[in-house]
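The form predicted alone is given below as one chain in structure tokens.
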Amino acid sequence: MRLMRIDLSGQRALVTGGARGIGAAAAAALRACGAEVAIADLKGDPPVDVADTVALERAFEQAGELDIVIANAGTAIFRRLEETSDAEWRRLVDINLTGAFHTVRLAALRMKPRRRGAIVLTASTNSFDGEADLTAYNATKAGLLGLMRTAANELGPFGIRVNAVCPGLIRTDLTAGHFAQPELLKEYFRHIPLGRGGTPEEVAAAIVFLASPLASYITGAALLVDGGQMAAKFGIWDERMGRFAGDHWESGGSPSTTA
């Protein structure tokens, strides 16, 4: 059997939101495969706000000709529907959805003349469901899939592929509060077949795959990176089949096992 390896030598990539979390892991993974990577991030040097079209366009110009663009920048605000302010709504739309639109549009303008390229958006399992207290976040992540599918349709004839990853609960700065609550994790991870949260590196691996030649016949796809969460309808784990070990479920329990 021939071993398939991802070799991105000679390719140039831009990752928005690439200074931390999933974006930083994606940038590192692309570099490990040989790509030259530029980062556009509020915490970058220079700082780039994806909601600022002028700053984002400057980042694209500085990055030069691009083979890969990862539209990853995003944020979340945990707020009840009726408590979400107009300013909070606008900020999330500006960053998560409009920022991704600007990123994809700029990538398309530069990739179309070369008739090749790969664009990957970071969406979410929340693109599909309506998790409470995340009205603005859920709406923007659902919108990303509409953007991705339309861009895939329009850009395919130019040899440009557009896909998305949809992570579940991943251990990042944004979710640190969740991972600091074992009882919350115990209940949340009951519904995940793999029994745990994910890592940025696991999402990055999916991003790099979609950006690589190994995915040459894949476009318009939303790849779930969620431990099976969206495949499960009811709780998977309980004390009859395993035990909760602080931040994950593990098999080998018994009816008398307590977490």
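One rule holds for the numbers: they count along the sequence shown, beginning at 1. These numbers were taken from a predicted model, which means no experiment stands behind them.
Another form, the form predicted in complex with a small molecule, is not on view; read the next lines as being about it.
In the model of the complex, Leu184 stays away from the small molecule, with no heavy atom inside 4.5 Å.
Shown alone here, Ala164 lies farther than 4.5 Å from the small molecule in the model of the complex, counting heavy atoms only. Interface membership of Leu42, defined by any non-hydrogen atom within 4.5 Å of the small molecule in the model of the complex, is confirmed.
Although the partner is absent from this view, Asn153 stays clear of the small molecule in the model of the complex, with no non-hydrogen atom inside 4.5 angstroms. Of the listed positions (Ala142, Leu169, Ile77, Val93), a single one reaches within 4.5 angstroms of the small molecule by any non-hydrogen atom in the model of the complex, namely Leu169. This chain appears without its partner; in the model of the complex, the one residue of Ala180, Leu174, Leu81, Leu109 with a heavy atom within 4.5 Å of the small molecule is Leu174. Look at 109 to 117, 122 to 130, 156 to 164, 82 to 90: in the model of the complex, residues with non-hydrogen atoms within 4.5 angstroms of the small molecule sit in 122 to 130.
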